[in-house]
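In what follows, one protein chain appears twice in different forms, each by itself as C-alpha cells: structure 1 and structure 2.
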Structure 1
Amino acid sequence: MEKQGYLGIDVGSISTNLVMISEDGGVLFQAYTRVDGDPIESIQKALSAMRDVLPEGFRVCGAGVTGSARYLIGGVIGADVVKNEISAHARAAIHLHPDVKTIFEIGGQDSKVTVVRDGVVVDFAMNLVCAAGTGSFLDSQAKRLNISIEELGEKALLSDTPTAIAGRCTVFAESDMIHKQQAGHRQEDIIMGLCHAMVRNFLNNVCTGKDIESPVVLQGGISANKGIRRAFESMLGSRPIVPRYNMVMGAYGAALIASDAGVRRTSYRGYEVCDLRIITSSFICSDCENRCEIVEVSDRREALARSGGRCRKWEGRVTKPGPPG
C-alpha cells in the first residue's frame, strides 16, 4: 500500500464521510458514517477506523474539508484547504467522469444541481429551505412505514403502477401517503410514487431555469436508493451515472483539491485528533449589531476552532488569542 496520500473530509447534517487518496488519486480508504448529532465525535471515529487500516508510518501530505460543518471541522483537524460542497462534488465528478455535463447531489438536508461544460462549473443551484427534495424526507417516511431506508429502495422496484403522491411539501406528502394507504393502494406503489414525487420536486424546483444535459452524474446519499435512480431515469429519459464512490464524493473531491493545492507543509494534526477531549463553549461577538453567538471548541490546552458568525470572521481554525473582551 502507498505510504503517503491526501485526506478529504465531508461533514454534513446526516453523515460524515472520509476518503484517503494516493498521489495519483486512487482511493486507499473510505468511510461513510452517521453524524448522530456530534460531528466532532463522528470525525474522531472515522479517523480511528482509518488508523486501523492504513500502514504504520503513513504520511498525510495535505488535508481538505467540505460540508456544512467544514469551518468547524477544518479548525479541529488542522485542514490545509476548506472548500464549499459545490466545488468538492464537482471536482470528484469531473475527475471520475470528465465528460459530465450535469451533477445532481442530494444529501440529508439539502440538494444541489451543478452545470458543467468542458470540465468547468458554469452554473449551480441549491435547495436549503424545503426538506421534500432531500434524503431526510425519505428517511422519515421509511421510519413511518416501519422499514429501513434500504428496504424502501428495494420495495420501490416492485411497483409497476406508482401512486401519485403530492410531493411539494413534506407535510402534504405524508398526509397524501396516509390517504392513499387508507384507500387501499399497495405499499410498493406508494413508495415508488414517493420517489417520483421527490425527483419531480427536485427537477421542478432546484433545476428550474438550468440547462440540464447528459451525461448526468447522480451522487450523495440518495444515489444509493434504487427507487430514486429509477425515478430519475423515467423523468430524464436516460439513466443517470452513479459514480463508483457515490456516497463519499464530497470527501473524495476535498482530497483531490488538497492534492491540487501544492501543500508544502501540512497543518493536519494527525491521529492526535482521535484522542482530543473536546470542550464546547460559546460567547457573543459584539463587533457589530448582529451579535452572533460564536461556538468555540478546545482541547483543555487551547482553543481549536470557532463557528457560528454570519460574517465568517470567526470561522475555522483559531488564529487569535481569545474572544473579544
Structure 2
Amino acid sequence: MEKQGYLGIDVGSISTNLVMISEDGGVLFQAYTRVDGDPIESIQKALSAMRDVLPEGFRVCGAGVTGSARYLIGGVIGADVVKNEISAHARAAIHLHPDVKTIFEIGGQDSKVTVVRDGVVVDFAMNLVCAAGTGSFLDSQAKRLNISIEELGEKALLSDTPTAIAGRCTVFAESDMIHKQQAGHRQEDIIMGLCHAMVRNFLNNVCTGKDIESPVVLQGGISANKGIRRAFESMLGSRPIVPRYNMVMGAYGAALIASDAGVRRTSYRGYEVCDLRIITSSFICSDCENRCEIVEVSDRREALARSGGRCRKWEGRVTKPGPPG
C-alpha cells in the first residue's frame, strides 16, 4: 500500500464525496456519503472511514476541495486548493478518458454539460435555478411512487413502451404522471417515461447551443441509474461512457488538481478535522444597508472559516468584525 497521496473532497448539495489518490493518480480510497443537512459532519464520517482503511502513518501531501460549499469546507479542513466543480469534474473525466468530447454531470441540485476538445474545456453550461433536470427531480418522483431510487432504475428497464411524460417542470411532470397512472399506464412505462422526460429536459435546456459529440462521459449521482443511462443511449444514439468512479468524480478531480498544484507544504489539518467540535453561527454584517447574514464556522478555540454576503469582505477572513463605523 502507498505511503502518501492527495486528498480530494466534493461537498455537494446531496452528497459529500471523498477520494484519496496515490501520486500516480490511482484511487486508494473513495467514499460517497449523503449530506443529510450537515456537510461538516458528513466529512468527519468519511474521514474516519478513511482512517480505518489507509495504513498507519499515511501522509497527505495536498488537499483539494470542490462543490457548492467549497470555500467554507476549504477553511475547515485546511485545503491547499479550492476549485469550482466544473473544472474538477472535467479534470477527472479527462484523466480517465483522455479522448472525451462531452461530459454530462448530473447531481442533486444542478446539472452541467462540459464540452472538451483535445483534453481541454472549451465550453460549458449549467442548469438555472429550476431542478427539473436534476437528481432531486427523480428522487421526488421515486418518493411519490413509494419506491427506492435504485428500484426506480431497475423497474424502468422493464418497459418497452415508455409513456410520454411532460418534463418541463417537476410540478407538471407530477400531475402528468398521476394522470397517466389513472389512465391505466403500467408503472414501468411511466418510470421509463420519466427518465426520458428528464434526459430530454437536460438535452433541450442545459445543452442548448452546445456542440454535443461522442465520446460522451456520464457522471454524477444520476449516472448510477439504469433507466437514465438507457434514456441517454436511446436519445443520443450511442451509449454514454460511465467512468469507473462515476459517483465521486468531483472529489477525484479535486485530488488530481491538488496533486497538479505542486503543494510544498500542505495546510491540511489531517484527522484532527474529525475531532473538531464544529459550531456554526451567524451574524449580520452592519457595514452597509444590505445587512447580509454571514455564516461563521468555528471550533472551540477559533473561527475557521466564514462565508456569505454580497461583497467579498468576509470570504475566508477569520478576524472578528470591528465596531461599526
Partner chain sequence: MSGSKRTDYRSVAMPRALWYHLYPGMWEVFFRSLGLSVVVSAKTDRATVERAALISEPEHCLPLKLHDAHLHGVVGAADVVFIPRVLSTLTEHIACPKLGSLPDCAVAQFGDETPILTIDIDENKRSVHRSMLELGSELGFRRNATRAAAAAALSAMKTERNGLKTCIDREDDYFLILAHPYILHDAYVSAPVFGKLDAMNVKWLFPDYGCESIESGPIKWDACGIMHDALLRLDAGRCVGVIHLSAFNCGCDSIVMEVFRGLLWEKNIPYMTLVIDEHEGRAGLDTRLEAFVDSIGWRNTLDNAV
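Note that the structure is a prediction, hence the values are computed from the model and not measured. Along the sequence of structure 1, residues get numbers from 1 upward. Each form is matched to the other, and the largest set of C-alpha atoms that superpose within 1.5 Å is called the rigid core.
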query: Panel number for the form predicted on its own; finding: 1
query: Displaced residue check between structure 1 and structure 2: Arg301, CA, 2 Å or over, core reference; finding: no
